[in-house]
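Next up is one chain by itself, shown in structure tokens, the form predicted alone.
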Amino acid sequence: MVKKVLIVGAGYAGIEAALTLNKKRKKDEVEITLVDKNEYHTLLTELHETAGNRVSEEAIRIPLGRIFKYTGVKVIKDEIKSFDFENNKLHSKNKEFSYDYLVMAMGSTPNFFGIPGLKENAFTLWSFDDAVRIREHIKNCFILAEHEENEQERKRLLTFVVGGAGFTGVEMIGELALWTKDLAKEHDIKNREIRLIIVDMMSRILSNLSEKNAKKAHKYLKKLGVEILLNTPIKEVNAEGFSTGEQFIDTKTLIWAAGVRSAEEVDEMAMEKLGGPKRLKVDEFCRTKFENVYAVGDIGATMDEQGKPQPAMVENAIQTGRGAAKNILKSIRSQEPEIVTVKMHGTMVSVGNFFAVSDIMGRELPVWLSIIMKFMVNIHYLWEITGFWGVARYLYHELLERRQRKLIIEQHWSTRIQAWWLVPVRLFLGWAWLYEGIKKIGEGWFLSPKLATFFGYATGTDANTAATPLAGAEATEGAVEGAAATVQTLFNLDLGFINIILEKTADMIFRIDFGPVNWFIENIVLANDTTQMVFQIGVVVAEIVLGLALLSGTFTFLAALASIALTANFIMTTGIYEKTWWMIFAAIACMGGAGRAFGVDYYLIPYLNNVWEYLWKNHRFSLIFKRSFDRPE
């Protein structure tokens, strides 16, 4: 009999629960349905980047259809209005959902703590729509301020306040500190007119991080021009600003990031709730008082070793979602459930694009490593749910399409061109390699040893073989004349273990004399005729394979990389001639996606990503399956 598993919420916990069920169900007859009011999954940890205009809104949302492609998970866009746990039924406005097992993963919502006027007059940063709304509001503030004649109103428009100096608040004010400088320049507003404030009741910012890291972040915010008001509560808010009890701060922008509580749906549930955040009480298996109903992520109060609820963070969401899914399968199989143990590995906070702090497994990482770790954590998560596509998309937005002020070098590396412009270069480079390989076959490289002559360890009639596979006819002629010609050294940089040489005979020759390579050639490659034949056949095959790969545009990046490696090999043996140096630079250019236009890579790379996704999400390998040849939109 098919068991129905219903998951409500497509946040981090809900996504993990659905993917785990799909991956581990094996031969169990399980129908997995996920219901969410949106058709996309939002990267909540990156909301500040869109709100602060670092990346576009498309960078922080992933279509659910893309995540659950190649799985058996059914995704329904709907909003649950009521929960009937006694009869295993949920209701939306127009539909009824029945279930055998329910996973509640509705997440959390901002907690306003009953502060008068806060909910009505402040912006929140807890959803995709919130981030876009904040971004557009801030743009509009500068547009209005540019021509505002009333000094008080202009000041109000250019004062931006973040309430809460935790992770979200610090990241948000950090983005604003950078972006507002660009907006000021765009609208001819002096930077000194802009006021940035972060407010918190605590005695320091980032209270969940070590004091050392908190001080580093504090210092950096001050450097960015942010006013930090600590031990300062927000008492009341209206349309013109807010009161701290001691002063009234005029502002049109108050972004509230000072706490969350479980989703409002829990208020109507007859279940025990813990503390102000109202998280549902669950047992060690993530079950509520109804054994077939699980509460995961921010909505469930999974306890730590001290008997306190785990923090409402992504790691907790992912691990409880996964644990609940495993226990549902154990229940279906009539097995004992496993205790869901949440292991928090650390936290990290970015303050703008160029600064971050982190506490990872008890260690305080330096700024540069914290920035890298932030990238790696996001890459790892996206790899888990979307494969290559999600990682490539994330890096594209972060490295190429970043909207805030870029460093000079970024301005250049993020400039893009159409891939088809590189096609002629790719084809010519491919032809050059293929020609050299075929020519060597004609010269008898498959019949008798020739590497000794090729590397300059022999003389005689075979000396007319090209000094490098890149030299062509002129190089052959130069090799013959070179037997008697005087070699003129134009440049010689001797570093002891390596010697960089530029010589002139009939042609200009660049080579690198590297001791270990010379030893390998003399003692391994040229040890006997058999090894010579093995290596020289390998050279010919490599040239032909590289040529065919580049001509067809198949694995172009790897082929171009191998082209550079093979050329480097020749540089450290025979040297390369001036008329063939172009091949190095052509290979570098081809690494920029030359196979994505008029090449096999246009079809092959998306197909391989699809095969990987299918394998990862289903734990089954198949080369042909439904939509296996789809290309990403």
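This is a predicted model, so every value here is computed, not measured. Numbers for residues come from their place in the sequence shown, where the first is 1.
Quick note: we don't show the form predicted together with a small molecule, though the next part is all about it.
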query	finding
Contact residue in the predicted bound form, from 61, 66, 37, 596 (heavy atom within 4.5 Å of the small molecule)	37
Listed residue (133, 195, 393, 374) with a non-hydrogen atom within 4.5 angstroms of the small molecule in the predicted bound form	374
Location of the small molecule contact in the predicted bound form, chosen stretch of 292-300, 213-221, 133-141, 426-434 [non-hydrogen atom, 4.5 Å]	292-300
Non-hydrogen atom within 4.5 Å of the small molecule in the predicted bound form for each of 419, 584 and 592	no
4.5 angstroms heavy atom contact with the small molecule in the predicted bound form for residue 369	no
Interface membership of residue 13, the small molecule in the predicted bound form, 4.5 Å heavy atom rule	yes
4.5 Å heavy atom contact, residue 79 and the small molecule in the predicted bound form	yes
Contact label in the predicted bound form: residue 520 to the small molecule, heavy atom within 4.5 Å	no
